[in-house]
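Next up: just one chain, as structure tokens, the form predicted alone.
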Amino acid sequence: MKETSLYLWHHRGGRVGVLLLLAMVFVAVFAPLIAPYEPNAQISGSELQGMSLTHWFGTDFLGRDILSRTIYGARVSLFAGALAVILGAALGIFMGITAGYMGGWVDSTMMRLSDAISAFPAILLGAAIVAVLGPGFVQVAIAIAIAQSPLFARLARALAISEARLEYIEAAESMGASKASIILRHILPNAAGPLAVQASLSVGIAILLEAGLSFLGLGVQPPTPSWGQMLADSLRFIDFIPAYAIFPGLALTVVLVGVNLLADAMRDRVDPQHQNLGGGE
């Protein structure tokens, strides 16, 4: 872990990604201390004001400070993205490694289920699941997790099939190790690197899906601030209050750039063949 952290810091893209994400995490965690106003405070007579010294990013149609709502929106996007990836990785890795190692009807059943999930576009599947479960933070995270689980399932299955053919697995089996023990103690640790890269990539996808669902009104419900919901609300006023859309969109862009840079650096760590392209020092 320490060597990986040092590698990411010495990788140019990885260092920038780490700094961007740390900055956004800091903003999310310390939002009550950073935000100049309460995110849901409606200031009468201040509706749809432009950028000023009082309201740096302006105000929305209810007189709420856009800067404060953008800062608090980081909590929803980052935490929902992280929770969705954790749940999706757990489900997908379980399906994939079990299918790859067990083979037979288990493999066929798990992969057909994964194919069925993959048959639907992620945003449509997420919308359908939220429609059944109802809108909300946890519901959105579960919907995104289910939509992303096939990505982990396919990768985990391929890694499990590759590892299961190696001699040390046969040795463990000959010594009477159980299948669960082999999966947890041997296959999963050796597959951790590529799966970590997939997880870092999936965070960006999950954050984008959360923003998309919130944009459609299926994500975290008002008055809780969400970047996607703010972008949806800004469409009616974008001609004369462009800051209403620019700053939530810019915050979302910063997070996605940071996640992608970090994912590229982690890919270079796992696969040295990409190092020259990835900008490692």
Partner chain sequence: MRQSGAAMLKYVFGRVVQAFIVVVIVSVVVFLLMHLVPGDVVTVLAGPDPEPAVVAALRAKLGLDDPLPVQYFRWAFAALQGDLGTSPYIGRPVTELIARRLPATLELAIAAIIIASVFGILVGVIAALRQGSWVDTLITTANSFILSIPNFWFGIVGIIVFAVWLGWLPSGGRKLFSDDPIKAMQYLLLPAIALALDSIAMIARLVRASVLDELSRDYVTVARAKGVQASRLMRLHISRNAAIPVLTVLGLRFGQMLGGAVLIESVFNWPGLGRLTIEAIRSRDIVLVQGTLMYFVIIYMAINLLIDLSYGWFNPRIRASTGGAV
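Numbering follows the first chain given and starts at 1. Only a predicted model underlies this, so the values are computations on that prediction, with no experimental measurement involved.
Although it is not shown, the form predicted together with its partner chain is what the next lines describe.
Participant: Can you work out which of 131, 196, 106, 161 has a heavy atom no more than 4.5 Å from its partner chain in the predicted bound form?
Facilitator: Going through each option in turn, the one that passes is 131.
Participant: Just one of 34, 29, 216, 62 has a heavy atom within 4.5 angstroms of its partner chain in the predicted bound form, so which one?
Facilitator: Spelling it out, the residue with a heavy atom inside the cut-off is 216.
Participant: Within 4.5 Å of its partner chain in the predicted bound form, counting heavy atoms only, one of 85-93, 137-145, 68-76, 118-126 shows up; tell me which.
Facilitator: Checking each option against the 4.5 Å cut-off leaves 118-126.
Participant: I'd like to know whether residue 264 contacts its partner chain in the predicted bound form, with contact meaning heavy atoms within 4.5 angstroms.
Facilitator: Looking in the predicted bound form, residue contacts with its partner chain include residue 264, since a heavy atom lies within 4.5 Å.
Participant: Should residue 203 be counted as a contact of its partner chain in the predicted bound form, where contact means heavy atoms within 4.5 Å?
Facilitator: Residue 203: no, not in contact with its partner chain in the predicted bound form.
Participant: Is residue 253 a contact residue for its partner chain in the predicted bound form, using a 4.5 Å heavy atom cut-off?
Facilitator: Heavy-atom contact with its partner chain at 4.5 Å: present for residue 253.
Participant: Quick check on residue 102: any heavy atom within 4.5 Å of its partner chain in the predicted bound form?
Facilitator: Although its partner chain is absent here, residue 102 would stay clear of it in the predicted bound form, with no heavy atoms inside 4.5 Å.
Participant: Honest question, do 113, 239 and 260 all end up within 4.5 Å of its partner chain in the predicted bound form by heavy atom distance?
Facilitator: Every residue of the spot touches its partner chain in the predicted bound form.
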